[in-house]
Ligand SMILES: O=C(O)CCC(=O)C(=O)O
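For reference, the chain that follows is the form predicted on its own, supplied as C-alpha coordinates.
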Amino acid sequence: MTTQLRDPDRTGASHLLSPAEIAHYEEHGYVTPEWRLPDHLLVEMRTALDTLLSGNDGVSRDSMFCPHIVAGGTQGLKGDNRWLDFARIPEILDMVGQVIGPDFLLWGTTVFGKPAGTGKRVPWHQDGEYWPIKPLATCSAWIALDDATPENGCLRVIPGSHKSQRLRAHNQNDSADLVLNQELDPSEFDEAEAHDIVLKAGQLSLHDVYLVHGSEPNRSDKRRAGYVCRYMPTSSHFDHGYGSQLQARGGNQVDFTTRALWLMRGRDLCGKNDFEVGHG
(Lines give C-alpha, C1' and ligand atoms only; values in the text may rest on other atoms or scores of the structure.)
Protein backbone atom coordinates (compact mmCIF):
# COMPACT_ATOMS: atom_id res chain seq x y z
CA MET A 1 0.00 0.00 0.00
CA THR A 2 1.38 3.42 -0.96
CA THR A 3 0.45 6.89 0.26
CA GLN A 4 -0.34 9.11 -2.72
CA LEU A 5 1.73 12.25 -3.24
CA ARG A 6 0.18 15.34 -1.70
CA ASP A 7 -0.64 18.39 -3.79
CA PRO A 8 2.66 20.31 -3.94
CA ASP A 9 0.87 23.66 -4.33
CA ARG A 10 -0.52 23.80 -0.77
CA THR A 11 2.42 25.78 0.68
CA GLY A 12 0.13 28.69 1.59
CA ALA A 13 -2.45 26.54 3.40
CA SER A 14 -2.85 26.62 7.17
CA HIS A 15 -0.02 24.62 8.69
CA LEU A 16 -1.88 23.31 11.71
CA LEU A 17 -2.96 19.70 11.69
CA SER A 18 -6.65 19.28 11.02
CA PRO A 19 -8.81 17.22 13.42
CA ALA A 20 -8.74 14.43 10.82
CA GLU A 21 -4.92 14.52 10.67
CA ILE A 22 -4.64 14.40 14.47
CA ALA A 23 -7.06 11.46 14.53
CA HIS A 24 -4.97 9.73 11.85
CA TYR A 25 -1.82 10.14 13.95
CA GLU A 26 -3.55 8.75 17.02
CA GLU A 27 -5.08 5.81 15.14
CA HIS A 28 -2.23 4.86 12.82
CA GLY A 29 0.86 6.22 14.62
CA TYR A 30 1.88 8.58 11.84
CA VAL A 31 0.54 11.37 9.65
CA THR A 32 1.63 13.22 6.53
CA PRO A 33 0.46 16.84 7.02
CA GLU A 34 -0.92 18.90 4.17
CA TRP A 35 1.61 21.66 4.96
CA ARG A 36 5.02 21.63 3.29
CA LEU A 37 8.19 23.70 3.53
CA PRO A 38 8.28 26.88 1.47
CA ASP A 39 10.64 26.59 -1.48
CA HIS A 40 13.23 29.04 -0.13
CA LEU A 41 13.59 27.04 3.09
CA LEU A 42 13.94 23.77 1.18
CA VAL A 43 16.76 25.39 -0.85
CA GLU A 44 18.47 26.48 2.40
CA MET A 45 18.27 22.97 3.81
CA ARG A 46 19.65 21.40 0.66
CA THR A 47 22.51 23.90 0.65
CA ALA A 48 23.23 23.05 4.29
CA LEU A 49 23.22 19.37 3.33
CA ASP A 50 25.80 20.00 0.60
CA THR A 51 28.01 21.71 3.19
CA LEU A 52 27.52 18.89 5.69
CA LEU A 53 28.47 16.27 3.13
CA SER A 54 31.53 18.13 1.86
CA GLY A 55 32.79 18.76 5.39
CA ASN A 56 32.43 15.19 6.64
CA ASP A 57 34.11 12.91 4.11
CA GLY A 58 34.69 10.10 6.60
CA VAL A 59 31.11 9.82 7.86
CA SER A 60 28.56 7.44 6.35
CA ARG A 61 26.01 9.24 4.16
CA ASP A 62 23.34 6.75 5.19
CA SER A 63 23.05 8.14 8.72
CA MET A 64 24.69 11.32 10.00
CA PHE A 65 23.78 11.75 13.65
CA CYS A 66 23.19 15.13 15.31
CA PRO A 67 24.23 17.64 12.63
CA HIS A 68 22.65 20.30 14.88
CA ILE A 69 25.53 19.89 17.36
CA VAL A 70 28.44 22.00 16.10
CA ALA A 71 31.23 20.10 17.86
CA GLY A 72 31.55 17.00 19.96
CA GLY A 73 28.71 15.18 18.27
CA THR A 74 28.66 11.47 17.57
CA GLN A 75 30.72 9.95 14.70
CA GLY A 76 33.07 12.94 14.89
CA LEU A 77 30.52 14.77 12.77
CA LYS A 78 31.17 18.48 12.20
CA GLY A 79 27.75 20.05 12.60
CA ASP A 80 26.24 23.46 11.97
CA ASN A 81 23.84 25.71 13.90
CA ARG A 82 21.65 25.89 10.80
CA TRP A 83 20.40 22.38 11.55
CA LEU A 84 19.28 23.55 14.99
CA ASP A 85 17.47 26.43 13.30
CA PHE A 86 15.74 23.94 11.00
CA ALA A 87 14.63 21.97 14.06
CA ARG A 88 13.00 25.17 15.33
CA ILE A 89 10.80 25.82 12.29
CA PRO A 90 7.70 27.29 14.00
CA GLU A 91 5.15 25.52 11.82
CA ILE A 92 6.67 22.14 12.58
CA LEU A 93 6.85 22.90 16.31
CA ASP A 94 3.19 23.89 16.26
CA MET A 95 2.23 20.55 14.71
CA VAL A 96 4.42 18.57 17.11
CA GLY A 97 2.77 20.37 20.01
CA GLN A 98 -0.63 19.28 18.71
CA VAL A 99 0.26 15.59 19.10
CA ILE A 100 2.55 15.51 22.18
CA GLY A 101 1.46 18.60 24.10
CA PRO A 102 2.77 22.16 24.56
CA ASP A 103 5.84 21.30 26.67
CA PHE A 104 8.55 19.50 24.72
CA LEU A 105 12.26 19.41 23.98
CA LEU A 106 14.56 18.47 21.12
CA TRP A 107 16.98 15.69 22.00
CA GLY A 108 18.28 14.50 18.63
CA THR A 109 18.45 14.90 14.87
CA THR A 110 19.67 12.72 12.01
CA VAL A 111 20.32 13.20 8.31
CA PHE A 112 19.55 10.00 6.43
CA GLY A 113 21.38 10.49 3.14
CA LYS A 114 20.57 7.17 1.41
CA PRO A 115 22.80 7.76 -1.65
CA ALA A 116 21.70 6.73 -5.14
CA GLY A 117 22.63 3.16 -5.95
CA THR A 118 24.24 2.33 -2.60
CA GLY A 119 21.82 3.53 0.10
CA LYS A 120 21.44 0.84 2.76
CA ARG A 121 18.34 -0.82 4.16
CA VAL A 122 16.93 0.37 7.48
CA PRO A 123 15.69 -2.80 9.21
CA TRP A 124 12.20 -3.01 10.66
CA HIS A 125 12.41 -1.60 14.17
CA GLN A 126 10.86 0.65 16.79
CA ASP A 127 12.77 3.79 17.66
CA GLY A 128 12.23 3.33 21.38
CA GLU A 129 14.45 0.24 21.36
CA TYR A 130 17.46 2.59 21.22
CA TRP A 131 16.51 5.52 23.42
CA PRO A 132 17.00 6.34 27.15
CA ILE A 133 13.65 8.07 27.64
CA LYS A 134 11.42 7.30 30.63
CA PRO A 135 8.58 6.84 29.99
CA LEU A 136 9.11 6.39 26.27
CA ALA A 137 7.55 9.23 24.30
CA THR A 138 8.77 10.97 21.16
CA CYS A 139 7.35 12.47 18.00
CA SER A 140 9.77 12.28 15.07
CA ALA A 141 9.42 14.80 12.25
CA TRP A 142 10.79 13.26 9.01
CA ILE A 143 11.46 16.10 6.53
CA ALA A 144 12.04 15.09 2.90
CA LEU A 145 14.96 16.94 1.29
CA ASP A 146 14.51 14.86 -1.89
CA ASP A 147 11.48 13.10 -3.31
CA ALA A 148 11.02 9.86 -1.34
CA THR A 149 9.54 6.97 -3.32
CA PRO A 150 9.46 3.16 -3.13
CA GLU A 151 12.15 3.11 -5.82
CA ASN A 152 14.70 5.06 -3.76
CA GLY A 153 13.79 3.60 -0.37
CA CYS A 154 11.07 5.72 1.22
CA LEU A 155 9.97 5.22 4.82
CA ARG A 156 7.68 2.21 5.34
CA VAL A 157 5.44 1.79 8.38
CA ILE A 158 3.08 -0.75 9.92
CA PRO A 159 -0.03 1.36 10.62
CA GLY A 160 -1.41 1.01 14.12
CA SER A 161 1.62 -0.88 15.43
CA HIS A 162 2.10 1.81 18.09
CA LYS A 163 -1.19 1.12 19.83
CA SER A 164 0.02 -1.45 22.35
CA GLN A 165 2.63 1.07 23.57
CA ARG A 166 5.15 -1.70 24.10
CA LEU A 167 8.61 -2.48 22.78
CA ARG A 168 8.59 -5.67 20.74
CA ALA A 169 11.41 -8.21 20.54
CA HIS A 170 14.47 -7.07 18.58
CA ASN A 171 17.58 -8.99 17.57
CA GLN A 172 21.03 -7.51 17.10
CA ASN A 173 22.18 -7.67 13.48
CA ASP A 174 25.58 -6.13 12.76
CA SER A 175 25.42 -6.63 9.01
CA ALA A 176 27.28 -3.96 7.04
CA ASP A 177 24.25 -3.76 4.75
CA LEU A 178 22.08 -2.21 7.49
CA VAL A 179 21.91 1.35 8.78
CA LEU A 180 20.85 0.24 12.30
CA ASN A 181 21.85 -2.89 14.19
CA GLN A 182 18.65 -3.67 16.08
CA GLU A 183 16.16 -5.55 13.89
CA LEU A 184 12.60 -6.44 14.85
CA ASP A 185 11.97 -10.15 15.24
CA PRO A 186 9.91 -11.37 12.23
CA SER A 187 7.32 -12.89 14.57
CA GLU A 188 6.45 -9.42 15.90
CA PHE A 189 4.84 -7.96 12.76
CA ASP A 190 3.33 -8.75 9.36
CA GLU A 191 5.20 -7.07 6.51
CA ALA A 192 2.13 -7.53 4.30
CA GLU A 193 0.58 -4.66 6.28
CA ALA A 194 3.40 -2.26 5.33
CA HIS A 195 2.50 1.21 4.07
CA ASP A 196 4.88 3.37 1.99
CA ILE A 197 5.21 7.03 2.99
CA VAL A 198 5.76 8.72 -0.37
CA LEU A 199 6.80 12.36 -0.09
CA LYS A 200 7.71 15.20 -2.40
CA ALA A 201 10.78 17.21 -1.38
CA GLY A 202 9.66 19.70 1.27
CA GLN A 203 6.94 17.50 2.70
CA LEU A 204 7.18 15.78 6.06
CA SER A 205 5.68 13.02 8.13
CA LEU A 206 5.29 12.72 11.88
CA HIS A 207 5.49 9.39 13.65
CA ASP A 208 5.20 7.91 17.14
CA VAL A 209 8.06 6.33 19.12
CA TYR A 210 6.39 2.88 19.13
CA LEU A 211 5.56 2.76 15.43
CA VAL A 212 7.13 -0.18 13.58
CA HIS A 213 8.97 1.15 10.54
CA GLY A 214 11.97 0.73 8.24
CA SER A 215 12.98 1.30 4.61
CA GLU A 216 14.39 -0.61 1.67
CA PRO A 217 17.84 0.01 0.14
CA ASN A 218 18.21 2.62 -2.57
CA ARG A 219 19.03 0.88 -5.83
CA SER A 220 17.75 3.76 -7.97
CA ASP A 221 19.73 6.59 -9.58
CA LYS A 222 18.15 9.21 -7.26
CA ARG A 223 19.30 10.11 -3.75
CA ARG A 224 16.73 10.00 -0.93
CA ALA A 225 17.85 12.43 1.77
CA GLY A 226 15.75 13.30 4.80
CA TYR A 227 16.24 15.30 7.99
CA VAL A 228 14.68 13.85 11.12
CA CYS A 229 14.07 15.82 14.32
CA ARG A 230 13.29 14.03 17.59
CA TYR A 231 10.99 15.81 20.04
CA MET A 232 9.81 14.45 23.40
CA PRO A 233 7.32 15.79 25.93
CA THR A 234 9.04 17.12 29.04
CA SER A 235 6.76 14.97 31.18
CA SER A 236 9.31 12.28 30.24
CA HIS A 237 12.95 12.15 31.38
CA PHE A 238 15.91 11.87 29.03
CA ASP A 239 18.04 9.71 31.35
CA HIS A 240 21.71 10.23 30.50
CA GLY A 241 22.73 7.55 33.00
CA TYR A 242 20.49 4.95 31.40
CA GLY A 243 22.00 6.00 28.09
CA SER A 244 25.35 4.63 29.27
CA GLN A 245 23.69 1.28 30.06
CA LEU A 246 22.23 1.09 26.56
CA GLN A 247 25.67 1.80 25.13
CA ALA A 248 27.25 -0.91 27.26
CA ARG A 249 24.88 -3.63 26.08
CA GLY A 250 26.19 -3.24 22.53
CA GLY A 251 22.91 -2.45 20.81
CA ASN A 252 23.50 1.25 20.31
CA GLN A 253 25.68 2.95 17.74
CA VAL A 254 25.24 6.31 19.49
CA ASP A 255 26.45 7.44 22.92
CA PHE A 256 23.65 9.24 24.78
CA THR A 257 25.59 9.94 27.98
CA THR A 258 26.48 13.52 27.00
CA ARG A 259 23.59 14.26 24.64
CA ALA A 260 22.59 17.93 24.71
CA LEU A 261 18.91 18.84 25.12
CA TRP A 262 17.12 21.98 23.93
CA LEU A 263 13.80 23.14 25.35
CA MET A 264 11.62 23.95 22.35
CA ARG A 265 8.32 24.94 23.97
CA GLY A 266 6.95 25.36 27.49
CA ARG A 267 8.77 24.09 30.59
CA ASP A 268 10.35 20.96 32.00
CA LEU A 269 7.33 19.25 33.53
CA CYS A 270 9.18 16.30 35.11
CA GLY A 271 11.94 18.52 36.50
CA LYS A 272 14.61 15.91 35.71
CA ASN A 273 15.84 16.87 32.24
CA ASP A 274 19.39 18.26 32.25
CA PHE A 275 19.79 21.17 29.84
CA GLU A 276 23.47 21.74 30.74
CA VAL A 277 24.98 18.38 29.77
CA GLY A 278 26.61 18.54 26.35
CA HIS A 279 26.52 22.32 26.06
CA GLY A 280 30.01 23.00 27.40
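Keep in mind the model is a prediction, meaning the values are calculated, not measured. Residue numbers here begin at 1 and follow the sequence given.
From this point on, the text means the form predicted in complex with the named molecule, which you will not see here.
- Of the residues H237, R230, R223, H28, just one reaches the named molecule in the model of the complex with a heavy atom at 4.5 Å or closer; this is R230.
- For the options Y130, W142, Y210, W107, the residue carrying a heavy atom within 4.5 angstroms of the named molecule in the model of the complex is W142.
- Annotated contact segment (heavy atom within 4.5 Å of the named molecule in the model of the complex): 122-130, selected among 122-130, 159-167, 81-89, 191-199.
- In the model of the complex, the named molecule lies farther than 4.5 Å from every heavy atom of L206.
- Interface membership of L155, defined by any non-hydrogen atom within 4.5 Å of the named molecule in the model of the complex, is confirmed.
- Residues of 85-122 lying near the named molecule in the model of the complex, listed in sequence order, are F112, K114, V122, the criterion being any heavy atom within 4.5 Å.
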